[in-house]
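Only one chain is shown below, in structure tokens, and it's the form predicted on its own.
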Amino acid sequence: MTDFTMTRRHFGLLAAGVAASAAFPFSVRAAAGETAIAATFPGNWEDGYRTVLTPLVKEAGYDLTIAPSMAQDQLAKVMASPGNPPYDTLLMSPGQMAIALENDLIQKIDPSRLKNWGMLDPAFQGEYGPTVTIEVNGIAYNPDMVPKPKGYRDLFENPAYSGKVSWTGFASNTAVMAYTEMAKIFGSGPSDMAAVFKLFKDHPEHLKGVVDSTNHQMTLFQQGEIAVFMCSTGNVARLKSLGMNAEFVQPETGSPAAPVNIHLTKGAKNLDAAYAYMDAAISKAAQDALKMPPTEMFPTNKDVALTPEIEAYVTRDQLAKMVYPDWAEINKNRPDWIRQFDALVAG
């Protein structure tokens, strides 16, 4: 109830602000403090969005502050300040979006405020915000150090990979999608994580490669300390842009995939700037830039052609064949999986 009251008050203030700001030229509005605070994943996302979107949002008459934060951390910070969110927008996959909805942290958008809305396929036009890319996951490997993996089973059964594979914990979306696929292969289904924990106990050499994040794995890969890790196509694009011999392989059982969406937070303080940022992210100009190295993001704007490099990872026709996890089931079990995996790694 408190949140609702505060939200209505903020809307009243924002409505008054919108009416007043409409009388000023764009540059004056930006100078008056119309800045969107956009939570964005760190690393490649942070760099790409800051470089490409900031000038586009500026052209629309607003400023943009990119706030790097992992999706789980975005959730934690917004939940800690209900009604007074630190961000105007969040960047999330369906797993975190479900939690945001359950906790009333995001709001439906008004598509009429996005001039590029019609450039998205209907599947990417979410009522809680646009899908800006599809993150396709698989396995990164260094062909100078190991053979091309066939899939997850190969990593545990082929001695060529012994001690050369790195993993992260269940807080990572990339990791949890890989683990649910491994639970299908080695267990009875995607939630049979006991089979995955047993797999790690039976192969303690894999526990030595557990680190805290994909960014950490990227560093280890560059240093030649690991040769394989679970990744998105964006991770491999980044490594290649740094001159690394890195390749991406779709597991023989299928590639897990996740739409990435921009959401408007409940109680967002800079609605006009937030919509300008959202519109910039789905524009042809932005997605034409972000599809190039080092980001190579899969474009959701239908007017943006895929590059040969992206088509080597995945084509538009292949999107329907990707593996889209059951995030409701993952969210239900995730805290327990995190505890069990952390205990396993700690020994």
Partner chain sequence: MKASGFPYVIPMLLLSVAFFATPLAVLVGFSFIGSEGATLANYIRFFGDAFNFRVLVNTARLGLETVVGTTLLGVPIALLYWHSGKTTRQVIIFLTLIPMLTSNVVRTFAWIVILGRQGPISETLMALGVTGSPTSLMFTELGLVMAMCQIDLPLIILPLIAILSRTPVQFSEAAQVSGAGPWRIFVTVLLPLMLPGLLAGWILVFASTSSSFVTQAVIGGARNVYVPQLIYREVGTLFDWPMASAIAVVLLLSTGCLLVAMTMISRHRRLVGHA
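From a predicted model like this one, the values you see are computed outputs, not experimental measurements. Positions refer to the first chain, counted from 1.
The next section is about a form of this same protein that is not shown, the form predicted together with its partner chain.
**Q** Can we say Gly189, Ala194 and Asp326 each have a non-hydrogen atom within 4.5 Å of its partner chain in the predicted bound form?
**A** Answer is no for this spot.
**Q** Would you classify Val211 as touching its partner chain in the predicted bound form, given a 4.5 Å non-hydrogen atom cut-off?
**A** Heavy-atom contact with its partner chain at 4.5 Å: present for Val211.
**Q** Considering only heavy atoms, tell me if Lys332 and its partner chain come within 4.5 Å of each other in the predicted bound form.
**A** No.
**Q** Is His216 close enough to its partner chain in the predicted bound form to count, meaning some heavy atom within 4.5 Å?
**A** Taking the distances in the predicted bound form, the answer for His216 is yes, it comes within 4.5 Å of its partner chain.
**Q** Is there any non-hydrogen atom of Ala98 lying within 4.5 Å of its partner chain in the predicted bound form?
**A** Close contact is absent here: in the predicted bound form, Ala98 is far from its partner chain, nothing within 4.5 Å, heavy atoms only.
**Q** Where, among 174-182, 218-226, 253-261, 133-141, do residues come within 4.5 Å of its partner chain in the predicted bound form by heavy atom distance?
**A** Comparing against its partner chain in the predicted bound form, the contact stretch is 218-226.
**Q** Would you kindly say which of Met244, Met79, Ala160, Ala123 lies with a heavy atom within 4.5 Å of its partner chain in the predicted bound form?
**A** Exactly one residue meets the criterion: Met79.
**Q** Relative to its partner chain in the predicted bound form, which residues of 308-347 have a heavy atom no more than 4.5 Å away?
**A** Result: Pro335, Ile338, Arg339, Asp342, Ala343, Val345, Ala346, Gly347.
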